[in-house]
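Two versions of one and the same chain are coming, encoded as structure tokens; call them structure 1 and structure 2.
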Structure 1
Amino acid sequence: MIKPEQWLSNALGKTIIGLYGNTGSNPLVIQPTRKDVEGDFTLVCFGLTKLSGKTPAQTAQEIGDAFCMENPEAGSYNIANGFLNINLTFKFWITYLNGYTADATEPDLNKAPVMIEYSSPNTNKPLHLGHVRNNLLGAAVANIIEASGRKVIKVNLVNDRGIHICKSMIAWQKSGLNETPESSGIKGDHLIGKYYVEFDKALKIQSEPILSKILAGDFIDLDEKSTLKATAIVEKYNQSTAEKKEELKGELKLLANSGTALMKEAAEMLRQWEAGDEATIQLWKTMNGWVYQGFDVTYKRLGVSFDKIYYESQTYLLGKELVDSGLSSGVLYKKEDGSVWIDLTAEGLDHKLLLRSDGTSVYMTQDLGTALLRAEEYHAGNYVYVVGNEQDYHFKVLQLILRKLGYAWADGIFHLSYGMVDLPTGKMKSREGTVVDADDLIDEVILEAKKKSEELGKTETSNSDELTKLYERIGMAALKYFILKVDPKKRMVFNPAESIDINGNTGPFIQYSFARIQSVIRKAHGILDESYNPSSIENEPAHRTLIRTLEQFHETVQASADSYNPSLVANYAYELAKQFNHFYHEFSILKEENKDLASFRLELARKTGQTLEKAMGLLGIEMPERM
């Protein structure tokens, strides 16, 4: 299947060589014709005037006349200034349709693979709505890049260490209940999340009196270092406006937390973990194991998988070797207190800490080490990090440090920065236990799908098992499409009720269009032939438009892969479904008396269905044969 644009480029090249002897030093500029202008493709003729010695309009006229005379596939042309707008014949488009396939591009084995990191959860709570967008973006981008012909490696970096998991462990110990997922009937990640919330509630009770003392100038509960910080902040607090006081109060709350018995226990547990205390490590492994089992269930429901999972507990020390190397080369510098930094002021940034004075690593150090480990393991051409836009600065610094350390592959790092997800009711708040869990959200959209389907009475089956699967497919399509149709860079509001609307720009609308096509195909079986006489099919704008839209599918996939933007594929699928529905309402397939025309329309519907299924599949959405 040769792409029409490629065929046109070859044919126009021959015409221009015939006219002027060569096509010039630059490639021909051919692009789809603007929607408000008649034509399929446009040749930009300004760069060809040196060859013709004429004005752009005269050059376009000369090329248009010769091209149409030499190529029967050329129907007509028109000129707008120096733009040659060419209409290909409807017969050309019918021939193209017959050879068209929505299948993915053949893999390019000469290109280095693309590594995509997504999900990156903490092991102290379940996946939530923000993780849903992260996972859906990562999985969709992986599918789309693979469909464009690149090998993809999907990885996950789990934050399985640190004070956050110690909080859940302390709360679990203090409860004295010895709860397990099996004994409580609570999913593992939800069970750990429950104890994380309980810790935070108990912490608040302990810290509020300490905060009151600090605001009154009493620092008795704080250690020496925290007292120095608190003294300076309180001085600013007493001289600040009401708005600034709220900001400073947040800093004081953190210091008050550090003075509580609970936080001291958690800090001690972290020290025991880092020292390899057997009992602490065993409890940590057990509780993290519960979380992983819970995550696996959610990942399966979301249709998400990984080729490799990294754990911060195994990678957090890797960057120290890089720090030593950077010190030796002079890229990094050490302060008098022993902490290690890098000066990025020449790049318009600041000084970045890479190693604390006590020798412990920070997140940046860990990410540097993990990045080097992956580069040595997989030698990828691109490293895509799917992380929220609050980390824009972090990844800018990560890439810059790796470049300064001499790693050329750092140029392949790309931060797929995405906006947060809100609900119609407002922001999510995880520490207060009001976070929207991914599992609850999935249950809600499936329930919405069930309600809407029952209201419309459109289901073709009464089999309870089939209905359960159908509601799940519709609900998951609603969730995935609603999130993926939005440009990743934009903040968005997810509305479960709106996402399930069968008449809007939604996943269920596209599914319903696909199911309609499958219904027509089933009814046409044994009645219409697969073959037809192309010469008997007259040009009809709606038919032509639908074929032209099919022709844009692979180009859309490539553009989506190049920009790491699944919304291009999502909105393409909606436009194709919308065009098919217009076509379906305007033209009959099964009742058309001209059998050649009916068979042609059936083929057009079949190829449209295949493309919808492929496009939605790239977004991780299953298409039901019946609805």
Structure 2
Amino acid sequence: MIKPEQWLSNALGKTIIGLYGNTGSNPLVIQPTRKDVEGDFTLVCFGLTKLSGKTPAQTAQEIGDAFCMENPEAGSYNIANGFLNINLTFKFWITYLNGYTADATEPDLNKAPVMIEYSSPNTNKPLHLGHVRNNLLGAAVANIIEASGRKVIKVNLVNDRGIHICKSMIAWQKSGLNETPESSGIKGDHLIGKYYVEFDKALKIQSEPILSKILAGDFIDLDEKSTLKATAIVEKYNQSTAEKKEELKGELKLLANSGTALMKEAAEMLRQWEAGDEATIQLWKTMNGWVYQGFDVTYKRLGVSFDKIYYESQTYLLGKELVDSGLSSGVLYKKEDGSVWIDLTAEGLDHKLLLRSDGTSVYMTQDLGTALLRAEEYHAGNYVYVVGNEQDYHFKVLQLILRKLGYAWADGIFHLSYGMVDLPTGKMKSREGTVVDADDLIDEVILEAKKKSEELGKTETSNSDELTKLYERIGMAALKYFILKVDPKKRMVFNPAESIDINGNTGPFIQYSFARIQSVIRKAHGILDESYNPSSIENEPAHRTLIRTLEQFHETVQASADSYNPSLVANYAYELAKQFNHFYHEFSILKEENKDLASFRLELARKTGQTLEKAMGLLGIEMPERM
């Protein structure tokens, strides 16, 4: 099938070479003609004046004349302010529509696959709004890249070990209640989260008197190292302004925490875990198991899935081998206390710790190990990490270290860094209880979809299973679209009230447009046939605009894949739906007396519907047949 823009670019190039001998040093600037001007595509002629030695308008006219002469597909042209607006014939567009399909490019198995890591939760608390953005982005990007023709491997790296899960375990043990998800009726991840919060509460009670002592210069509860640190901070603290004091107080709080009996217990449990203590491991397995059960439910409701799940407990040791080889090759160095570092000052960064003095690994070490494992297992061409932008520095360093260690595949690492999700009231803060829980959020949007649907009172079915499914689709569409329509890089405000809106630039609006199309198709069945005589179709602008928008679908998917940005697809779907509604309002399909025209419109509607469904599907949004 002809790709209009590509064809135009080649054909215009030929025309310009014919006129001026070459096309100049810059590529031709061709863009879809803006709405308020007549034309399909526009050639910007300012850059060509050097070739022609004439004014932009004269140049445009010269090119326009020659181009229309040479190409029967070009019907006419007009010139405004140095812009050459070219009209392709309506016949050209009808032929285009005839060959158009919304189907995706089949993945090319000769190309190296793309690995996408997303979700990557800790196992000490349930998923929240931030995770929701992460999961939706990861799943959408995976779909979009796959649709653009590359194989995708979706992975999840679960942070299942560490001090955080030990905290929940301690609190659970101390409660003595032996609560399980079954006995308590609480979803597994929420149950663990509950104990994590309880630990924190108890910790605060133990920690506060220690903090007071520290501020008074009494370091009796601290070990040697912490005392040294605390002494220095307290000295600074006493000379600081009020604002700076708050900041330093935060650091002292951490030190105070480390002096509590509870933290010592948690640290001891972590040591036992690493030593392989059977009872500890058993409890850890049990409690993590509850969390996974809970996560599975949430993942399913969000509609996300993974091809492979990595667990840090299984990969955290691998980084150490990598560190060893880095030491022997001289890329890394060891300090007197036994800690291992890398010097990145030449790259404008800092020295970075890779192994603690006691030989245990840190976050970076684990990530290095995991990266190596994946590269060896999959030999992907790209490794995409969907992780919040607070970790920009971490991933910069990660990639740099791998490069310095000599791994060529490190060039394929891409940190899909997305912005934080704020609430209208400001940042989400767990201490202030403003964290929006993922499960609650899902319940809420579905409930709201139900309420609004019932208010409208026009659903065609009373089958309760169908209705349940419909409300779920509408609610999830509202939520997903609300989040995915925003450029991932940007920090966004999540307004719960607006997230369940069904009017305007929303998921349900697009669903509604689709449902209308399906309704027409159902009614046309057996009445209109699919064939029509193209020559009897008039050149209506609304028809043409719609075809032109369909034409942009595949390149939008490609651009979206190239830039790891699902919002391009989201905004495209909205634009298409809007244009369809305009068309739908202006013309009737079923009541059109000219059967050729009616069939043509039906075909246009059908392909619009397919495209809407495909585009929304890439975002993980399902379309209802009726609503």
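Superpose the two forms; the largest set of C-alphas matching within 1.5 Å is the rigid core. The model shown is predicted, which means the values in this text are computed figures rather than measured ones. Numbers given to residues start at 1 and step along the sequence of structure 1.
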Number assigned to the form predicted in complex with the RNA in this pair | 2
Angle, in °, that the smaller rigid part sweeps relative to the larger one between structures 1 and 2 = 20
Quote the shift of the Cα of Thr49 between structures 1 and 2 to one decimal place in Å, the two forms being superposed on the rigid core.
-> 8.9
Let me know the CA shift of Gly18 between structures 1 and 2 in Å, rounded to one decimal, core fitted.
-> 7.3
